[in-house]
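The chain below stands alone and is given as structure tokens, in the form predicted alone.
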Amino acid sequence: MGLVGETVDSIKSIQIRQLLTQAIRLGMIVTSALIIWKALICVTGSDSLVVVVLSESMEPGFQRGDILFLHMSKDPIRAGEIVVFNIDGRDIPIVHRVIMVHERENTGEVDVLTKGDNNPEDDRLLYAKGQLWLNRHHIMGRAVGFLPYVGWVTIIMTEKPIIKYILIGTLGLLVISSKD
């Protein structure tokens, strides 16, 4: 019959009680993952634990598809650090290196200027109109580690959404049809 036919037969033979049990198990797995994610956000101090490098702007240090792990501490940001930041009015975070730090004498707050390692100029053209520096609230976190190429899964699913839907559907069918 084939794998698809067996899966369909398996789903048809599931009783309501089994279906509810599987749904509750799936809910517990999702809830546990969310709790762990939120706990790690509290520990790292960053709104996002990981980001995927989406462009070639940080080559040769980081390639497109690398996953960066983030941490945000109270320590001042220094030149040379790799930070992930958001620009006002943009949804996608940017991963670039801090090339200059400007400390305000009256408040002690630090503003930073960034640049992609593979870019010829600084990021002022990327910032919001009239903005010359990034403030602390723009910074999502500092890169503290990375996994090469693992982020390609995210890039592929973003660029080709049909793959994401097929994967989610397949996983859902596997959870529902398991006889545990």
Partner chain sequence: MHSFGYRANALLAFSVTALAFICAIASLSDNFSNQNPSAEIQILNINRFKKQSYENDEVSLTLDITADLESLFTWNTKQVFAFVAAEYETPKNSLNQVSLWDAIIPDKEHAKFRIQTSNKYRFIDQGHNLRGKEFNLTLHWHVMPKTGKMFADKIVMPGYSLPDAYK
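Note that the structure is a prediction, hence the values are computed from the model and not measured. Residue numbers count along the first chain shown, from 1.
The form predicted in complex with the partner chain exists for this protein as well; it is not shown, and the discussion that follows is about that form.
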In the predicted complex, is there a heavy atom of the partner chain that lies within 4.5 Å of any heavy atom of His71, even though the partner is absent here? no
Against the partner chain in the predicted complex, would Trp133 count as a contact residue? Criterion: heavy atoms within 4.5 Å. yes
If we define contact as a non-hydrogen atom of the residue within 4.5 angstroms of the partner, is Ile99 a contact of the partner chain in the predicted complex? yes
Can you tell me if Arg78 lies within 4.5 angstroms of the partner chain in the predicted complex, counting non-hydrogen atoms only? yes
Could you list which residues of 35-65 come within 4.5 Å of the partner chain in the predicted complex, counting heavy atoms only? Glu59, Pro60, Gly61, Phe62, Gln63
